[in-house]
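The form predicted alone is given below as one chain in structure tokens.
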């Protein structure tokens, strides 16, 4: 398709865009477990109205747009309070979890270079830590040292202890980790980081806007936030269970002094003094304003209500899976993340990738993971009201696939062309 020589009517352009969506996943119907998080009609309305108001604003220069400086300060401050940041906790908004993680890794490298003279940096993380840490290592010239996970899928801190040394700039924990949805032993990981004077980053992109509300509801939540001594940075995505539209995340530093290591400053340019807090230059004001509006609209009580619904649906989903011979849930996270796999203790063998194909035919979409082969679900308010239908289709799909195996073993989680 070539770019038209003459412009087209708005109606024609929008009709073509609508047609392009015909084969996209049906997240509006709750048939996708992740990627898009729908907080309900009120959340959608306030986000769309804020987005329209800030469609063209640019946070590259908040001196020109002081409202975006205030919005960023508000959202960061609210998130810091939610995660029990001490007085002086500081941070920035980013485009998403990957950028927040990149910023946390970059800050840890710069801190170790400045405070300890580390010239050959390494970071220690578990095999369950998000792939964005490896992306950061590739971009910033940091060696990764990877420890295994324990049988319960949490990071093996004993193994991590064998990997740290005087050049370790960062030790990583997850709350929860994405693949199986369990919370790492953050106090032990933070203590390990402190023992070698390294930074400790907690990846709470999935948990930052869920675990605080699950805790308020009485769910047992292991310690993971700034209440843990030694935690220096936390990433938390507002565009996941914070229900803001893509893409907005928060990177928090325990102190403003630590935050300075994230910022890039350059004053030898004909264009004048340049300073950038994260990886982007120009930053859209749209997701920032939408996040601000959604958080104000929901408030603590609104988020608690959404979390209560999510927990009920996730618990029902786990229970339904447990009733199907041949399937089980990996780990015991007890929150919104569910990894479904073949049960090795069952005599029934189910290829979960073949099961995924059968579910796709019924318009249910899961991410595929390995090892081990599993189907990943992030339950959110988007899935409210469809879990019984899903479990009914799951039982039918299990009967349909029998012992067949999928030819496609891909677990692609990417944008590749």
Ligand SMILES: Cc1ncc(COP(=O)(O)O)c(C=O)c1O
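Since this is a predicted model, take the numbers as computed values, not measurements. Positions refer to the first chain, counted from 1.
Just so you know, the form predicted together with this ligand exists too; it's not on screen, but the next bit is about it.
**Student:** Just to confirm, residue 285 within 4.5 Å of this ligand in the predicted complex by heavy atoms?
**Tutor:** Residue 285: no contact with this ligand in the predicted complex.
**Student:** Using 4.5 Å between non-hydrogen atoms, is residue 239 touching this ligand in the predicted complex?
**Tutor:** Contact with this ligand, yes.
**Student:** Does residue 178 make contact with this ligand in the predicted complex, using a 4.5 Å heavy atom cut-off?
**Tutor:** Judged by the heavy-atom cut-off of 4.5 Å, residue 178 is in contact with this ligand in the predicted complex.
**Student:** Would you please decide whether residue 96 lies within 4.5 angstroms of this ligand in the predicted complex, comparing each non-hydrogen atom pair?
**Tutor:** Contact check for residue 96: yes, within 4.5 Å of this ligand in the predicted complex.
**Student:** To verify the annotation, which of these, 339, 80, 125, 101, has a non-hydrogen atom within 4.5 Å of this ligand in the predicted complex?
**Tutor:** Only one option qualifies, and that one is 101.
**Student:** Considering this ligand in the predicted complex, which of 260, 130, 145, 150 comes within 4.5 Å of it through any heavy atom?
**Tutor:** Comparing distances to this ligand in the predicted complex, the residue within 4.5 Å is 130.
**Student:** At 4.5 Å between heavy atoms, only one of the stretches 198 to 206, 225 to 233, 181 to 189, 212 to 220 reaches this ligand in the predicted complex; which one is it?
**Tutor:** Stretch with heavy atoms near the partner: 198 to 206.
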